[in-house]
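Here's a solo chain for you in structure tokens, the form predicted alone.
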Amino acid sequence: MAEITQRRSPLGGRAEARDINIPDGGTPGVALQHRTGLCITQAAAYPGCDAALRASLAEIAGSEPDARPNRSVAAPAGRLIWTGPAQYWLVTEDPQNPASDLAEATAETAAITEQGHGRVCLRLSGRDARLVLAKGSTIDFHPSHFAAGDCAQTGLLSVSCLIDCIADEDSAPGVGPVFDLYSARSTAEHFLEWAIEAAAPHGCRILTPGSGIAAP
């Protein structure tokens, strides 16, 4: 029988739980968590097949992706993220990778590729999360411009990144805004170092790696 190998994190032990610049009895301004165990499936529609692809995604994920640019949707099976014209990510925590089912359902309408092994996701949350993001990007992260369900592909400092707003101040009271930040595996260490350096002045709590909501 062939040996089954497990995915190894490119961050090693660098994202282990600890507090940085949080005074005794104080409250962290931000939390960081390396999200592990994610399946990221990219679906790119063939010309003229966007509606058919969205229908297939709705059948598999439980909700249809938003066809508008830079929008994401919470679905029963995971997260649907617009990544380009007629192109979407389905991000799931289910150990059963949906890529094969989606490829079968969209054989005539879309190209399906797995992205999970090539991506790293950091979840950033807390009252000062928007200030941290503003240190590395020219995007306006004010809640009136970048709220729950908004996403963007941009650069954070020198690292290419997809930013997805999972929750904002209104939808996650007591937690603050919550963002998932996706970068390439090859830049994972540099990406984490930047995030920690940017978050440290605000009081940063690094949470144990996992797939849950990171709350300070």
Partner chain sequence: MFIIKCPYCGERDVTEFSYGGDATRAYPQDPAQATPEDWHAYVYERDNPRGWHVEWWQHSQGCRQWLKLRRNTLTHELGRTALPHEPLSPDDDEGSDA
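Numbering follows the first chain given and starts at 1. As the structure is a computational prediction, the values presented were derived from the model and not from experiment.
Note that the form predicted together with its partner chain isn't included here; everything after this is about it.
None of Cys165, Ala31, Val159, Val175 but one reaches within 4.5 angstroms of its partner chain in the predicted bound form through a heavy atom, and that residue is Val159.
Judged against its partner chain in the predicted bound form with a 4.5 angstroms heavy atom cut-off, the residues Ser63, Gly78 and Ile81 are out of contact without exception.
Proximity of Thr138 to its partner chain in the predicted bound form falls within the 4.5 Å heavy atom cutoff. Taking the partner from the other structure, its partner chain in the predicted bound form has no heavy atom within 4.5 Å of any heavy atom of Gly26. Its partner chain is not drawn, but in the predicted bound form it has a heavy atom within 4.5 Å of Thr154. In the predicted bound form, its partner chain sits beyond 4.5 Å of every heavy atom of Pro95.
Along 61-79, a non-hydrogen atom within 4.5 Å of its partner chain in the predicted bound form is carried by Pro69, Asn70, in order along the sequence.
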